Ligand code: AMP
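The data below hold one chain only, encoded as structure tokens and taken in the form predicted on its own.
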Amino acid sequence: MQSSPQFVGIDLGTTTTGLAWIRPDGNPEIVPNADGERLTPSVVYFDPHEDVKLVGVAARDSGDPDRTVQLIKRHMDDPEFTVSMDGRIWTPAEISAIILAKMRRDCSQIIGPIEDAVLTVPANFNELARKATLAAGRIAGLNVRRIVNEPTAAALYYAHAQKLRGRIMVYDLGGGTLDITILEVDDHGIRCLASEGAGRLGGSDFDERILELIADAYQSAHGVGLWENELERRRVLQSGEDLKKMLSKLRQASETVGSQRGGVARIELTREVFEAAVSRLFTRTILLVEQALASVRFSPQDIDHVALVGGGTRMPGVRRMLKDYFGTEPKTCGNVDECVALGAALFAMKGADVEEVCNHSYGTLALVEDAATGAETYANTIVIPKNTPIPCEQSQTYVTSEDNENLIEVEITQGEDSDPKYVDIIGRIALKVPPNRPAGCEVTVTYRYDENQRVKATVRDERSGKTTEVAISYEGAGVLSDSEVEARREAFDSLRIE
């Protein structure tokens, strides 16, 4: 066993979580948990009989959906989402921290103490979701050295393991999210050019479609529904996931399902029927591919390699669709579920010359005058455009619109649309200024975007020289303050997590 603290990379996934380290020979390796699993299901079960939290397969198979939490990653960007269990409220960051603590404790028994970590997130994660991920790592007792986008980590692994160079499109279809990222890779480093994604499009959505096919077939054969409660539905969902995996290898597969009302039935399903049922999901993914290419004015022929990441890319329909679109066979690695964690470990140990980009635009709401008509409209004005290389700092100067203003209020937005209805307000700044000011005073708004893709904003009143700066903060039942994160971290040491 190693005695010195280890640098690790952790892929905190929607459906599974993986931890990797760097072996003495310089190659990354997945570290199994205490149950011998290379990937741990991202599921937490709260035992009602004793104060223990189960994580992984045991949690997934607990048989009590009311006390089981899964797909928590899909709620990291929801400031109001919480889980109530035994009189205590748990935030998404705390649920995720339970999973991370399980990984840290189990894997440290194999490779030695774990303190420093690089955590990965989907490229499309917004500011709140990234903050929640950082908080989860801190609560779990990790020193989070960096947040890295999952496609970037995967590209780093492909560059290391397969020596891929040139323009690479990473197609990352995980359990809950889809990321499409275009990167340039050479011997000097990795430069992200563009990224598009969907936070509600992943393998679990394909599982829901196959669940519908199974339920419809059972209804037709027996005249009754296949489930009456969430526990029964989840059992069928697991069977559907197994059936999906079989159809990735065979053109026809079957699964036995049943209920107390209709008895047992053998469901036969062909790959063609399944692919027809998920055709709209396939179409959504290729639309994001086209959107990513368009953002950098590339054609499919401008891409040297397409690298597959995530369990969803095992579906033959995905690989065939990408081959038809790009004209070449997409690249794959030994295990597409593990390459993100492996790439994160490379980054954690060696560091890397990685240049990522803003995955959202950041702006300010302001009155904008039409030069032709003189009409004024309230609009979102972009300060940092999407796909700007980071870290970065950009400013925009505005003018006050009324006499005698003594308080300047700035609303910080995230999104690309000029219409305020279609962007998110992620923060507000208020700056007191001297009285008796005329309209037309200049106010400069500056945004700084750091390597973890966190935003800070500064407002400067040019007339008085007064300045205020804030880091973006959020409010809601599911959001923890810095002091609450530290308090939770201390309390986590006493939790029993298995």
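When you see a residue number, it is the position in the sequence shown, counting from 1. Values in this document were obtained by computation on a predicted structure and should not be read as measured data.
Below, we refer to the form predicted together with the ligand, which is not included among the displayed structures.
Shown alone here, Glu356 lies farther than 4.5 Å from the ligand in the predicted complex, counting heavy atoms only. The ligand in the predicted complex comes within 4.5 Å of no heavy atom belonging to Asp106. Interface membership of Ser248, defined by any non-hydrogen atom within 4.5 Å of the ligand in the predicted complex, is confirmed. Put simply, Met315 is close to the ligand in the predicted complex: some heavy atom of it is within 4.5 Å. Of the residues Gly197, Gly415, Gly311, Gly427, just one reaches the ligand in the predicted complex with a heavy atom at 4.5 Å or closer; this is Gly311. Interface residue among Asn124, Ser204, Asn387, Thr364 relative to the ligand in the predicted complex, by the heavy atom within 4.5 Å criterion: Ser204. For the ligand in the predicted complex, the listed stretch (217 to 225, 237 to 245, 285 to 293, 417 to 425) containing residues with heavy atoms inside 4.5 Å is 237 to 245. Contacts of stretch 8 to 33 with the ligand in the predicted complex, defined by any heavy atom lying within 4.5 Å, are made by Thr15, Thr16, listed in sequence order.
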